[in-house]
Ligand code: SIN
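Form predicted on its own, single chain, as structure tokens, below.
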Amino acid sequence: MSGLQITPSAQYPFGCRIEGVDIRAGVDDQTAQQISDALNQYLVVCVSGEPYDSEQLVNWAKKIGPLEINISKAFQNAAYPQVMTLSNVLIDGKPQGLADAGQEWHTDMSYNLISGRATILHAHQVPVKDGRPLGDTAFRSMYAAYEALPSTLREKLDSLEAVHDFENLWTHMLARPGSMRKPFTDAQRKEKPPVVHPVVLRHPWTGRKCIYVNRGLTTKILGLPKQESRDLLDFLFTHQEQEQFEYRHQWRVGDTLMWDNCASIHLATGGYRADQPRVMIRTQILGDETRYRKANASLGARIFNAV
């Protein structure tokens, strides 16, 4: 990748850091493609740099793919609604961003009819204690989790489908002590009803198989008795969250982290106080329907219909 310095993680089995890109100066199409290729290879990509604004985030992120406007409609940039602020900062008692984002293992946008491509999170402020950044983001490779399953179980999972429900994650977050979320509305439920995806997804860009269920959003497996569905999901959740599949990102101010939402799950680890400010801006890249349908055509049209 000419002009880019890509350093694979030495500590973890996936993930990389990219130097040599100044996003504030603009990202050309060729560089955007190189970053996209790195995402397909490494699952989690960190571009080093300095803080930049929502306009600059949108300008380069849209070169990777179309951007989602999150249905929460909370803490969105007025000029760029594709961008949401994640923050624990309060001013006059009012939150300046979503403070509890990602605090359960999940995959962004698995609640969409077409699986989401990627999320981009850019750090403006990072809490620090005794010289160490706080608030790591942890990831697990769903390629590795799938490949570690017994072959007989992989064969069974290959033919199954599961329900993903945005309200499920929202409800879990709402129940946490001190949550400032409002109850999930009928309008949100109508905009994002439960959807069905294969339990094992063929990645739309790489063609590789990966587990595509997650604790935050997956509620049941279709075609199985209720208890069998629950037991199998609980097994898969425990399996996929093992540290052997881990990449853990320690933040620096100016980091731009992009992760694959087809073949990874992630968790915001928290661990910082209200007086230790954390401010980030986020946008999410939608999936590609043509790629999704082509890669998973053998599963039939059932997976493209809400339930």
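Values in this document were obtained by computation on a predicted structure and should not be read as measured data. All residue numbers refer to positions in the sequence shown, first residue = 1.
From this point on, the text means the form predicted in complex with the ligand, which you will not see here.
Among heavy atoms of L236, none comes within 4.5 Å of the ligand in the model of the complex. Proximity of P198 to the ligand in the model of the complex falls outside the 4.5 Å heavy atom cutoff. Interface residue remark: T137 is counted as part of the site for the ligand in the model of the complex, having a heavy atom within 4.5 Å.
Using a 4.5 angstroms limit between non-hydrogen atoms, L121 touches the ligand in the model of the complex. Checked against the ligand in the model of the complex, the candidates L86, C210, I221, V83 yield a single residue with a heavy atom inside 4.5 Å, and that residue is L86. Of the residues H106, K192, R117, R202, just one reaches the ligand in the model of the complex with a heavy atom at 4.5 Å or closer; this is H106. Residues placing heavy atoms within 4.5 Å of the ligand in the model of the complex fall in a single listed stretch, namely 263-271, out of 29-37, 47-55, 239-247, 263-271. Heavy atoms closer than or equal to 4.5 Å to the ligand in the model of the complex belong, across 86-102, to the residues L86, A101, G102, ordered by sequence position.
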